[in-house]
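One chain follows as structure tokens, the form predicted alone.
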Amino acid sequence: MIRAARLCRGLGLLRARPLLDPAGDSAPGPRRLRTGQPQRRDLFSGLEKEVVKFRKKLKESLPGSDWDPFGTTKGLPPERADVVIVGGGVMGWSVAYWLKVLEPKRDALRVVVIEKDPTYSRASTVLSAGGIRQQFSLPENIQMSLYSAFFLRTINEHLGVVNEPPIDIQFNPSGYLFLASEDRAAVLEENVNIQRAEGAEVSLLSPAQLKKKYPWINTDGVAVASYGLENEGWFDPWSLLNAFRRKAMSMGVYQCFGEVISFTLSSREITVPEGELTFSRINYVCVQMPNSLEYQLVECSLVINAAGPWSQKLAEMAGIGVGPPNTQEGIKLPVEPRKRYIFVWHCPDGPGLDCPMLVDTTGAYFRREGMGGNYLGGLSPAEEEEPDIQDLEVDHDFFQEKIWPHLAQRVPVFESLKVKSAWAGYYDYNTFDQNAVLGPHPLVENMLFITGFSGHGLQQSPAAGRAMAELILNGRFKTINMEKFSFNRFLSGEQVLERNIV
């Protein structure tokens, strides 16, 4: 196994200072920040003024016509940016928002968010179940969700926009209820101890206590349960995404709908005892406009890979993971799309308003959806049964054969449920250890990752976005230490395992 300490010698210098220094022109080397309007030669400045005059005269000579021979395509990104964020889901917009909040002076940073799907019809954010919980096994995951819960409770203080309606993410604080069989009881109890140590309010319930609290549950096979007393439940994903986007744009962030198709890089080789390492920097991002052959080159200082399920493909465009096997250049970003189904069913005699987000011993989960006897749920398939990712078609047999039997066994009234609708979405699944990847790549120095959350990204987006902004502006994490989630663990082979993946 490649030793991380041997291969990342260039990374220590990178992290010893901010990746961007908005303080002024004293920033060292290639990390100098460009602020304000780019300087132009007087020749081009004068030419632009003449073109403006000519366009005005042409417009006056053609009353009632909007034809413009010198028109530019609307929606093009700017030619220069300090930070280009690839991926306009909740993670990308959270990073953009926090960069503008934490920048040392107003308009110090030019930030662009690029999203390839203007309709968001395939976006992981809006296709998720919208849950938030602190019931994890890793302290860092617990801390992120605790911070995000605080952020969501005070969301209008953070994301409210003047003269716009207040934000309502439709938060339902009904908690998460995890059930454990005898062979998993000790693990669940250990997880609860960790959660309590981090400040989460979680209670343990015996089968008798569980039955008393929720009479509709069949407790057969349940040895112990854990229930989140506060800061857990679910909310509307689209409302959070749109709130981040609206606020960030009000603070000057550029939005661009287009697809990143390539990067222009510069590189240098450094000799180390083991041979030569090639360090690269992205100088330009090539953005192709939707339904068009037109593209725009964007000169930039940093690229944030927030492409979710497609972040590995984006990393490969920058040369990450395309080198020879068993070398640092050959180590891929281990994040890939995994398709997950969500089903909505109706059961008029089902659990009432106190129904939590229940996670069964089998991994099947469900929650109440509204107040009309509707429920929403799903199940992550076994590794050998992962569905094809080429489309978002729903396999309805999966519900009948894999989910419904578990639901009916745990909640007997679900024997008579009726499926109303279903959809599929993608997890940005980290195949290495099912946890986030946060921070820079050791060789492509100005590409940073915020991806790989494997299903718990939406709920952690406020904390993760802030962590990324802190790293960029301060050179280190400040609110929550996220060093454990760096790319370096893929070099050393040291997994950061989360035991509570749904």
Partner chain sequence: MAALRALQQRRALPRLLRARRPYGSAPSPEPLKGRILQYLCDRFYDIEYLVDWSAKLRYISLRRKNMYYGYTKDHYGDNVAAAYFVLCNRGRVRFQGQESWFCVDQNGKYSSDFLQLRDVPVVAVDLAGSVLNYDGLDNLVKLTALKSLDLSRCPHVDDWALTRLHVFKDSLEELSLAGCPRVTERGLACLHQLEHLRRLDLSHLPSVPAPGLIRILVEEMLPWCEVVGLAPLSGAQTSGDGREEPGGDRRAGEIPGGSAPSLS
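Residue numbers count along the first chain shown, from 1. Computed from a predicted structure; not experimentally measured.
If you look for the form predicted together with the partner chain, you will not find it shown, but the lines that follow are about it.
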For the three residues 305, 336 and 341, which mark the spot I'm curious about, does each lie within 4.5 Å of the partner chain in the model of the complex through at least one heavy atom? no
Looking at 396-404, 327-335, 156-164, 312-320, which one sits within 4.5 Å of the partner chain in the model of the complex if you count heavy atoms only? 156-164
Flag residue 220 as yes or no: does it have a non-hydrogen atom within 4.5 angstroms of any non-hydrogen atom of the partner chain in the model of the complex? no
Under a 4.5 Å heavy atom criterion, is residue 293 part of the interface with the partner chain in the model of the complex? no
Would residue 214 show up as a contact with the partner chain in the model of the complex if we use heavy atoms at 4.5 Å? yes
Consider residue 104 of the chain shown here, and say whether it contacts the partner chain in the model of the complex, taking contact as heavy atoms within 4.5 Å. no
Interface check vs the partner chain in the model of the complex: of 172, 128, 195, 430, the one with a heavy atom inside 4.5 Å is 172
Sole residue of 354, 190, 79, 117 within 4.5 Å of the partner chain in the model of the complex, by heavy atom: 354
Stretch 224-258: residues contacting the partner chain in the model of the complex, 4.5 Å heavy atom cut-off: 227, 229, 230, 231, 239, 242, 243, 246
